[in-house]
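Only one chain comes next, encoded as structure tokens, the form predicted alone.
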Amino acid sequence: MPKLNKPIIDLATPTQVKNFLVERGLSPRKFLGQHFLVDKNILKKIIETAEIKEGEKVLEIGSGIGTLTLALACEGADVVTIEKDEGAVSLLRELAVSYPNVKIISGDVLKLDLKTVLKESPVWKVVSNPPYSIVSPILFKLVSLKEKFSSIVLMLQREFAERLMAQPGSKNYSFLSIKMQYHMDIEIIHKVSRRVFFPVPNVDSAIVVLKPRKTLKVKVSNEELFFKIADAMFRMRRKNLKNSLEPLNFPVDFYEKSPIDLTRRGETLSLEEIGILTDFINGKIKK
């Protein structure tokens, strides 16, 4: 579909969104975390950040009533959008009838076989304002298919976005930080006020870009073991490494010869240091 100058229907205003919902007997569903974007400037910022080119395949998760969906379609993108709420899906089907480049999938993204959905093209972009309550499992699912994505542009809760980029020793540093930094380059592009949504949520947001790393940040001999160690570190966050790693039943000589001081708390270890532990335990570093 050729690029349009503007959407056939303007959804980026509070009045328009309220009217559409009222006319159809719908309302934002709290248990689904529905907060609809109603600010043209932020919508434009998301589109600019995604650098959409005509004909590109774009995956959107959590389309709501389609504000971002239709804006992406107007840029000429071939949009596949996933929405769980049947009321929103019904409305979006009505609004998207003039957009042949929009495909709507009704379903739960966490239960869908995304690998099958993505077979349509070798390369995709993700552009989305996903439900904040399930962002972690969504990100882990996207990471598992990272070879399919050139970039991932998301609107996220600001505190969550900061967790993705958190450094060792900080209060926000977590298994999530390690997992995402291992696989992705991450950048917070723009901080977003809570007031650009209807209804207004209790948190501020941020536009974040994630790009799959062509070269992993840390090369390790056993990736599964690397993440098993990282997970154990944060299951008992306030304990030292020796106590945190004991449930993994590593050989006794590991505790005697570890290249990392095991009296340290796991939350202070960088990805590189976790990699050193991984290789040591895996027998790849000379003991």
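For clarity, every value in this text was computed on a predicted model and none was experimentally measured. Each residue number is its position in the shown sequence, starting from 1.
A second form of this protein, the form predicted in complex with a small molecule, is not displayed here; the remarks below concern that form.
Q: Using a 4.5 Å heavy atom cut-off, are L37, G62 and E83 all in contact with the small molecule in the model of the complex?
A: Answer is yes for this spot.
Q: Only one of these stretches, 202 to 210, 158 to 166, 172 to 180, 100 to 108, has heavy atoms within 4.5 Å of the small molecule in the model of the complex; which one is it?
A: So the stretch in question is 100 to 108.
Q: According to a 4.5 angstroms non-hydrogen atom cut-off, is I189 in contact with the small molecule in the model of the complex?
A: So I189 does not count as contacting the small molecule.
Q: Given that the partner is absent here, does L145 sit within 4.5 Å of the small molecule in the model of the complex, heavy atoms only?
A: No, L145 stays farther than 4.5 Å from the small molecule in the model of the complex.
Q: V117 versus the small molecule, in the model of the complex: is there a non-hydrogen atom within 4.5 Å?
A: Output for V117 is no: heavy atoms all beyond 4.5 Å of the small molecule.
Q: Quick one: is I134 in contact with the small molecule in the model of the complex, heavy atoms, 4.5 Å cut-off?
A: Residue-level check for I134: yes, a contact with the small molecule.
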